[in-house]
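Coming up is one lone chain in structure tokens, specifically the form predicted alone.
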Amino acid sequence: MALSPKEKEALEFIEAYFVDNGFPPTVREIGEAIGFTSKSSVYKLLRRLEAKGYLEIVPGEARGLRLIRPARGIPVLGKIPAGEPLIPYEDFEEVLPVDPSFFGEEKLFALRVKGDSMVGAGILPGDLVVIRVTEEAKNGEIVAAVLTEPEAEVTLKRLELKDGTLVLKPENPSYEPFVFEKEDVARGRVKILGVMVGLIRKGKG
């Protein structure tokens, strides 16, 4: 859903505040930033942003805002805890100054590639991969998945589905695939976070 100028201004302020401070602003701080003197007016604006799917209001907390979808870029996520029902956008490390609509209207996030397990697909260490949030993926797509055992770990691999078995295959013969049977998936040992839709490689120097 499109944002009004004031909604966009407020959301961009909230995002910038998160980046600078690691936690969300108060209603008063948002009002001061966008020129609203009434707290009720700020609350109404925040509820509109919540209805449009950009943030979640946590009742009873002075800084009870949770970012769900960015307005001006694509968040680069660091640690993603297992079992989270939503991608935790407040845990982003930075925001890529890339228009999300370039990749469609879906919810997006980015991950920084660590290691060389996907070099055969042209994905190098340090690259940023753009992920479309979805729990469903097709055979052969490159997916971001969270492995919950022995501890939460996010991995980027090619998905292979065979007779109910879910396989996460590397694109490097030096690495072994992750194989999950039906019962593993049912137990939540693996969860698809999204499908890769783009790659950004920052130049050196």
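Sequential numbering from 1, following the sequence displayed. Only a predicted model underlies this, so the values are computations on that prediction, with no experimental measurement involved. The term rigid core refers to the maximal set of C-alpha atoms that superpose within 1.5 Å between the two forms.
Beyond the structure shown, there is the form predicted in complex with the DNA, which is absent from this document and is the topic of what follows.
Participant: Which is the contacting stretch out of 133-141, 56-64, 172-180, 157-165, given heavy atoms within 4.5 Å of the DNA in the predicted complex?
Facilitator: Contact criterion met by 56-64 only.
Participant: Wondering, does K8 line up within 4.5 Å of the DNA in the predicted complex on heavy atoms?
Facilitator: Outside the cut-off, so no.
Participant: Does the DNA get within 4.5 angstroms of any non-hydrogen atom of V27 in the predicted complex?
Facilitator: Heavy-atom contact with the DNA at 4.5 Å: present for V27.
Participant: Check R69 for me: does it contact the DNA in the predicted complex (non-hydrogen atoms, 4.5 angstroms)?
Facilitator: Result no; R69 lies far from the DNA in the predicted complex.
Participant: Any chance S41 has a heavy atom within 4.5 Å of the DNA in the predicted complex?
Facilitator: Flag for S41 set to yes.
Participant: Quick check on I57: with the core superposed, does its CA move 2 angstroms or more between this form and the one not shown?
Facilitator: True for I57: a C-alpha shift of 2 Å or more.
Participant: State yes or no: after fitting on the rigid core, is the Cα displacement of E9 between this form and the one not shown at least 2 Å?
Facilitator: Yes, its C-alpha moves 2 Å or more.
Participant: Rigid core aligned, does the Cα position of F180 differ by 2 Å or more between this form and the one not shown?
Facilitator: Shift of 2 Å or more: no.
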